[in-house]
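First comes one chain, alone, set out as structure tokens in the form predicted on its own.
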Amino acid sequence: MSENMINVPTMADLAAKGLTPEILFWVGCAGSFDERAKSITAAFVKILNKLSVNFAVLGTEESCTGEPAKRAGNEFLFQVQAVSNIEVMNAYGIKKIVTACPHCFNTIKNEYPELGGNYEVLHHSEFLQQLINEGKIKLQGGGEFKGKKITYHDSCYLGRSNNIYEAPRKVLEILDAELVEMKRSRTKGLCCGAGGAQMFKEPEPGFKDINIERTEEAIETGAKVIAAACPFCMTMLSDGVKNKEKESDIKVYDIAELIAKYEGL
């Protein structure tokens, strides 16, 4: 792996040189600390570097968006965390943010403005779609995904909360694969449970865990790849595939990982 492919400049480094990046890549807690989700971060960084996108991260100056605190009802803690982040980003004059986490995306895009954080915020699926539309990522034909069945799971914070359903699917089209839909998709998509905090606790008593139900729907499509656009969804679906003992047959990838593989990164 080329060192240039994993080069990650920080805002502090660029500011010291008097430089301003085009975009801030907001990594998020999962992308920073979760072992599986770190591969999403690495894949997206490789894409950015290959296409010479002028970007930077906050590094140690990035803290939690406050989203978990807000969803848990602790508005005070949310505002403390949010204002801290906003002060840092405003001090750097940040205008445009891209993140691979729909939870961070929703919070910064929709809840930071009332606290003084006004930015253009894109989910990485939207940014990747822009790169495809600009011809920077091109259909090459062939590749390991050509003709394979891929099914896409809609993240609640991307779909239901922000009406982003097509961008991830447009990104997947570049793979020249066969995109097959689950019986519940887009506005009727079934939550994997992560957005309802099931990833962080034991499930309520019942007949079946929600991520197992969703994974069964994905398996029914016959797809060999389950594509996700959220690190938390990816964890829930990966656990579902393990539960069904299908790990050797079905892989769960983030769309950035799929594009990085397609680009040979």
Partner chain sequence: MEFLPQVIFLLLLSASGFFITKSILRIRRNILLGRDINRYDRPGERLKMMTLVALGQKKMFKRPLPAILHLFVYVGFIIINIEVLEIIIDGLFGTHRIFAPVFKGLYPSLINIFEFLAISVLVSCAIFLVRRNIIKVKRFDGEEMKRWPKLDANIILSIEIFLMICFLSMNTSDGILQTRGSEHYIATGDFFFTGFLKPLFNGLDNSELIFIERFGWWAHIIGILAFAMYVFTDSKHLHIFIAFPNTYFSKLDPAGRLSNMPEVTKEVKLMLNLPVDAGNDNAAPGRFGAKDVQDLTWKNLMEAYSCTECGRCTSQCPANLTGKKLSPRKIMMDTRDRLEEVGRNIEEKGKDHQDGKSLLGDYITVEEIMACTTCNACVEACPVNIDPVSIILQLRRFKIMEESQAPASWNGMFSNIENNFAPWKFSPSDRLNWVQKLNQ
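Residue numbers count along the first chain shown, from 1. Since we're looking at a predicted model, the values are computed, not measured.
Not on display, but discussed next: the form predicted together with the partner chain.
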*asked:* Would you classify residue 169 as touching the partner chain in the model of the complex, given a 4.5 Å non-hydrogen atom cut-off?
replied: no
*Would residue 129 show up as a contact with the partner chain in the model of the complex if we use heavy atoms at 4.5 Å?*
no
*Applying a 4.5 Å heavy atom distance criterion, does residue 219 contact the partner chain in the model of the complex?*
no
*is_contact(residue 176, the partner chain) in the model of the complex, heavy atom dist at most 4.5 Å*: no
*Sort through 133, 140, 74, 90 and report the residue having a heavy atom within 4.5 Å of the partner chain in the model of the complex.*
74
*Going by heavy atoms within 4.5 Å, which of 143-151, 92-100, 119-127, 180-188 lines up against the partner chain in the model of the complex?*
180-188
*Listed by sequence position, which residues of 164-183 have a non-hydrogen atom within 4.5 angstroms of the partner chain in the model of the complex?*
165
